[in-house]
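This document starts with one chain, in the form predicted alone, laid out as structure tokens.
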């Protein structure tokens, strides 16, 4: 073999090896245990992609994100997966506040479990963000959720527990306040913030007791990052105080919430995985891919909670609701 032929063969071998190299995906998660993360992984692997995953868990602490960003910059991956609004905001920045020195702009980011990317300031439109960002939304719109609540029972007074220290939650509350006012429903709100303006788990029982004192017909529990690890405590208190709950996310129902309009987190992660596959395999631009929700949400009723509260689904609900028996 001539030197020229050997060099050509070596170049071809190098190119083949490079094409066979696994994609590097950097996963930044809010906290462990979300099935969306597994759904994301499983979709990529089932699509036949060779993937090297790096996972960093900030454990709900946004102050850890600058170190994560520094690590990403030291060895840029092919794609970043962001779990939650807090993580996504910290990685890519809110529109109008993006600083290339502090935020990721040159690596595609796919998020999951962001309830309202427009209200959170991440995108201006769902049809395509125009930035290196796309993802999957895990919550039905507030008008749809309110309609689902009213299909179960007439509402004169609606309670809501939320975390006003989260910008996305403040936006949610403003929308809910407008919707309930239009529907002639009184809105009663509580939160777990202490004097320092930070949520405190020790305040959750008192928060629920304050809500019960206002005697709402139903309590809406939105997708609050702070509430997630305390879902069991919240649902136990709701049952003890005789408060029927409407849940926005699956984990709240699993902890004993009475009903909700939810999407399986695993499927939300799968949708994010589909978008990641489009970016990695098809070389699609994240900026052009739409931000989407699942095509279907499930109206679910937790029958043990309904029995405990003496509230049973109306006949028309039984025609389409999924009944949880435990």
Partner chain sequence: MSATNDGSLSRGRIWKVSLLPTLLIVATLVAASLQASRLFEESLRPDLRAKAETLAQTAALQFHRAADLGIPVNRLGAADAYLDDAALGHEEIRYIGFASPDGHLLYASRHLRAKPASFFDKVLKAHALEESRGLARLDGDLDLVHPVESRGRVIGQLHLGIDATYVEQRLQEIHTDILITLFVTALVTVEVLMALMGLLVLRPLRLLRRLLELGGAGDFTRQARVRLHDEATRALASAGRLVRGLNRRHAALDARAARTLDARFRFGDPKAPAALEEPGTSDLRLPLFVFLFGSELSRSFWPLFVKRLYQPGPYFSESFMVALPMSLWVTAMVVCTPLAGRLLDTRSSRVAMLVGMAPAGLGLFMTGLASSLTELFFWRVVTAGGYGIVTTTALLHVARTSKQSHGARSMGVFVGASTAASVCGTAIGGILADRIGYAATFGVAAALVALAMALVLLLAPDLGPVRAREEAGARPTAASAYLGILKRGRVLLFILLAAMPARLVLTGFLFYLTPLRLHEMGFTEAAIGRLMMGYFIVTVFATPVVSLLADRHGWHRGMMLVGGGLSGLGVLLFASASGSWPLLAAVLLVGLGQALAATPLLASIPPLFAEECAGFGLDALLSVFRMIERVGSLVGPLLAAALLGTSGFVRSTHVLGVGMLALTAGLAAYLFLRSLPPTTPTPKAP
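Numbering follows the first chain given and starts at 1. Bear in mind the structure is a predicted one, so any value in this text is a computation, not a measurement.
Missing here is the form predicted together with the partner chain; even so, the following discussion is about that form.
- Taking the partner from the other structure, the partner chain in the predicted complex has no heavy atom within 4.5 Å of any heavy atom of residue 21.
- Residue 318 belongs to the set of residues with a heavy atom inside 4.5 Å of the partner chain in the predicted complex.
- Shown alone here, residue 308 lies farther than 4.5 Å from the partner chain in the predicted complex, counting heavy atoms only.
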